[in-house]
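One chain follows as structure tokens, the form predicted on its own.
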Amino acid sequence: MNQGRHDPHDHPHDDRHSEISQSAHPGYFDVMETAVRELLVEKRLIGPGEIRRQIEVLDSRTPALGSKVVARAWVDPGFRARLLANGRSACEELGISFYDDTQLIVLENTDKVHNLIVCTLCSCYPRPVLGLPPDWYKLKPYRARAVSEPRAVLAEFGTVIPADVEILVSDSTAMVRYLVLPKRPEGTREYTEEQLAGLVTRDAMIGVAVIDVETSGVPQ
């Protein structure tokens, strides 16, 4: 397996701040988040506006950004080469900014290799290009089983990988995130870049799915 460099993960994550509890009694983490935030503002280490702006940045990130990157790689061999060499700088060519110091490594699926990404210790995820991770990505069963039995996990997502195709699992870290570059589906030679982007799903860029033109909903 192509295990990514393990890291103690003793770092602050870019998770969104906890939403205000809808119950009459805020939970433990709601109380702690409020206390820490108010202390930081009181010490003038951050301002209320900074928190709001950061949340807006996170809210603006969706898998549509990653789909745009994949579609460009499919139609532009030069961009594809740059993307595989340095995912972050290639994404920046398309106006996608990175709000942290993480690297982005793009892993290409081929006829012989299928890539799957995971974060075994927490929920490190390529948020600048995919937005917030799905709930299942953060759950312990996925984080453990994606490494120990990836074929079984993929099958539970409805993704059956042929036995002669190797599955490589890459483990995200504090400073290194991964994005899967799916195989371009057959029969899409006449598709525009916009149509191609419409085929690309979040799950395909995580590696738990492959792209199916027939079920994509994109006009053929």
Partner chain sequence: MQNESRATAKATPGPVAALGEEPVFRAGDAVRILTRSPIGHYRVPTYVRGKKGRVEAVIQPAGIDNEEEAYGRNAGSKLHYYRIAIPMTEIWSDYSGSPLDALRIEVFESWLERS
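Since this is a predicted model, take the numbers as computed values, not measurements. Numbering follows the first chain given and starts at 1.
The next section is about a form of this same protein that is not shown, the form predicted together with its partner chain.
Subject >> Heavy atom within 4.5 Å of its partner chain in the predicted complex - the one residue of T110, S89, S148, S97 that qualifies >> reply: None of the others qualify; the residue that does is S148.
**OP:** Run the contact test on L179, M205 and E214 with a 4.5 Å heavy atom cut-off to its partner chain in the predicted complex and return yes or no.
**Re:** No, because L179, M205 and E214 lack any heavy atom that approaches its partner chain to within 4.5 Å in the predicted complex.
Original post:
Any chance S67 has a heavy atom within 4.5 Å of its partner chain in the predicted complex?
Top reply: Result no; S67 lies far from its partner chain in the predicted complex.
**OP:** Report yes if any heavy atom of E193 sits within 4.5 Å of a heavy atom of its partner chain in the predicted complex; otherwise report no.
**Re:** Residue-level check for E193: no, no contact with its partner chain.
Subject >> Any non-hydrogen atom of L84 within 4.5 angstroms of its partner chain in the predicted complex >> reply: No.
**OP:** Please check if V129 has a heavy atom lying within 4.5 Å of any heavy atom of its partner chain in the predicted complex.
**Re:** Judged by the heavy-atom cut-off of 4.5 Å, V129 is well away from its partner chain in the predicted complex.
**OP:** Determine the residues of 118-150 with a heavy atom within 4.5 Å of its partner chain in the predicted complex and present them in sequence order; the list may be empty.
**Re:** Residues within 4.5 Å: C119, T120, L121, C122, C124, V147, S148, P150.
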